[in-house]
Ligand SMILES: Cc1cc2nc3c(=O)[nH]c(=O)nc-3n(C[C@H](O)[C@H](O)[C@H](O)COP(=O)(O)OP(=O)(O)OC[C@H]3O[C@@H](n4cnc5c(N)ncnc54)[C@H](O)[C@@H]3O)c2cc1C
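Heads up, the chain below is alone and in the form predicted alone; it's given as structure tokens.
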């Protein structure tokens, strides 16, 4: 008997389990920031995350480096909620970074010290960056506490599967979980899924990039008294090393991170290679003789998939260019003395009036994405999206119709650094 190509499901009435002003979908760095920012502006906020922790790649992905909060010339350009995150981690003795007096320093000894911590990347000549190493479990605790203090309603273990539209607005997002299909009504939606799930469901145009996956892991019992051996990165815990693993030279093909079969391949192949590398380090690399594996990234470290084609696509030629509607600024973790001003239009889709994007799926080209995908930049665009969504509802207008000067004024008041 031939297997049919499709099956027909019965019509379904999906229960609406909650309603809010601002619905943030995706609990990574951008989603955490967006939710807190919108709530601090007075909006009723629900933050929905598919897993059981906040932070995404910044915690469960073991990409535990904030690269970077400066412009490569010693000047801080990412502040606001990202700086508050650093302060909260610092209060728990859970992070490490160069002091302000050393930012921009060209001393070789200092640069080598911070390189061992994973805080210096790119091509020489180097300078000391304002980059931060931190503990991922502490990040999760700080994030949960922060959200609760702010009054954001948190919903774990739900995966966005559909949207309901009324004209040019999203009125509900449908989620699938072990409880079945459930909907949340909303006034505005912020897509911080990383993969652009919401704007794809809403029918917005996007670009899709295939990449080589990574799978970072940590080992303890490492002799790190003098350096980080074997190309590893020191962590804030003595005797522990962080190891980025993957990339083009190690895995056979690129993957589409929106394809579950490709993700299955990446999970299996990357974990096999991680265990091979653990065995090699223990048997061949001085300093790892007594080391043991402590944890592996919970998901493949996919840093690019869908990118919104929004009202403006920030391009490589826009480096150091000013924008009247700038809502965030980021440096580049592998380049010095350069910044990208991120215009508000790069957070706005072309057709859906009450939808914003933030984080690594915003409207930029592939080259600029290497800067805007990083955790500090995701915090910055998330904060801008959260403030904008709350302001738009309070003034009964679409985000695109907000007065840029008023949005920038609100961001500065919240502690965001913007050029004058």
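Please read all numbers here as calculations on a predicted model, not as lab measurements. Positions refer to the first chain, counted from 1.
A second form of this protein, the form predicted in complex with the named molecule, is not displayed here; the remarks below concern that form.
303 is the sole member of 150, 303, 177, 258 with a non-hydrogen atom lying within 4.5 angstroms of the named molecule in the predicted bound form. Contact with the named molecule in the predicted bound form, judged by any heavy atom within 4.5 Å, is made by just one of 332, 97, 127, 158: 158. Here the chain stands alone, but in the predicted bound form its contact with the named molecule, taken as any heavy atom within 4.5 Å, falls in 372-380 among 389-397, 35-43, 348-356, 372-380. With respect to the named molecule in the predicted bound form, the three residues 30, 56 and 216 uniformly fall within 4.5 angstroms at the level of their nearest heavy atom. Although the partner is absent from this view, residue 204 stays clear of the named molecule in the predicted bound form, with no non-hydrogen atom inside 4.5 angstroms. In the predicted bound form, the named molecule sits within 4.5 Å of a heavy atom of residue 25.
Although the partner is absent here, residue 70 is not a contact residue: none of its heavy atoms lies within 4.5 angstroms of the named molecule in the predicted bound form. With a 4.5 Å cutoff on heavy atoms, residue 66 counts as touching the named molecule in the predicted bound form. Shown without its partner, the chain has 192, 193, 194 in segment 168-196 as residues with a non-hydrogen atom within 4.5 angstroms of the named molecule in the predicted bound form.
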